[in-house]
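One chain follows as structure tokens, the form predicted on its own.
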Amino acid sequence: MISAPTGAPHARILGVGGYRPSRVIPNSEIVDLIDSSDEWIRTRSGIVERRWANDEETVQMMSVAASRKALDHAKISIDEIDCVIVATVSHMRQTPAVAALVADELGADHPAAFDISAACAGFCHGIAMASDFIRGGSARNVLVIGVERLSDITNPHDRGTAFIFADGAGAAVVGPSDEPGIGPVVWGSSGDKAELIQTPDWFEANEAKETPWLTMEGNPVFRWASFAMAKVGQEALEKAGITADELDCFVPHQANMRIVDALARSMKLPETVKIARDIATMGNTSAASVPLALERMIEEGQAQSGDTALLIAFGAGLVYAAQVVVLP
């Protein structure tokens, strides 16, 4: 008879960390390229400035920097990490997975390492997988990273995307717990809407010597996220067995300030719930946005250890994921 794996009774986030690129790009550097204005960008998205990576701030470099902060916060040695998951859509090499390179640079002891592609929802997907791995016995401690260099694939002249997307990395260490620390995930996809956010075929673009720019149909994405995702968030609360009144923090994907506000209204979150609004100074960093927003809330004292937080993210696919977590 095959022996069954045994894992921890529960899992939780032990520490978080982030890396914000050094280049600060205010709206004034973008408006002329898209025939716009600072007021138009702020009104439409809530973005005042964003971060773009320089040549040295690669996907790997930013991932390593964010991971080291997360490991320090968790008080976990890299030797104790036995799985590394990187969520990204902007690692520009088909293979090898950047997760293996990140693990090696960190000095990890031959962990499982792989990338996942779930766009802006990637980090929440990674947290769900890490929790299942730990409880199922496949891993003891998992490093989950969300990282993007969207400035590489954003057309600077596209009025619909140039002011939105940005770069950065966020990471979390997930480990065993005696008490529930990560609630059931609510996730899914709507592939019939896949054309709303996409890049062209990379091989065809390379053959034609064109940049495979990311494209997005903003209005239908806004409508889908603002209304459909509120139901997903509510379901995540119900599956975790808590009500909105018991929630301490709301950390949605930083896609657009108007979407953040619409979700909070639709879910009828009380004023006591602290809401992440990292997008104002970071832009939309896709898979990195949730961990970066979470790190900022912790560092600025908006969120405390032991608080309950609803994480929810959504993006190209269209895919989504949400879960309630206990903060480290």
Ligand code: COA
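Numbers follow the displayed sequence, beginning with 1. This structure is a prediction, so every number in the text was calculated from the model and none was measured.
The following text describes the form predicted in complex with this ligand, which does not appear among the structures shown.
Novice: For this ligand, considered in the predicted complex: do all three of I34, W40 and I259 come within 4.5 Å of it, counting heavy atoms only?
Specialist: Verified in the predicted complex; spot residues all in contact, yes.
Novice: Of 123 to 131, 107 to 115, 69 to 77, 158 to 166, which is the one stretch near this ligand in the predicted complex, taking non-hydrogen atoms within 4.5 angstroms as near?
Specialist: Flagged stretch: 158 to 166.
Novice: Looking at T95, N219, T243, N206, which has any heavy atom no more than 4.5 Å from this ligand in the predicted complex?
Specialist: Selected option: N219.
Novice: Is there a heavy atom of N284 lying 4.5 Å or less from a heavy atom of this ligand in the predicted complex?
Specialist: N284 belongs to the contact set for this ligand.
Novice: Using a 4.5 Å heavy atom cut-off, state whether Y320 contacts this ligand in the predicted complex.
Specialist: Y320: no contact with this ligand in the predicted complex.
Novice: Spell out, yes or no, whether the shortest heavy atom distance between R44 and this ligand in the predicted complex is within 4.5 Å.
Specialist: Yes.
Novice: Give a yes or no for V232: in the predicted complex, does one of its heavy atoms lie within 4.5 Å of a heavy atom belonging to this ligand?
Specialist: Residue-level check for V232: no, no contact with this ligand.
Novice: Pull the contact list for 58 to 78: residues with a heavy atom within 4.5 Å of this ligand in the predicted complex, in sequence order.
Specialist: Heavy-atom contacts within 4.5 Å come from no residue here.
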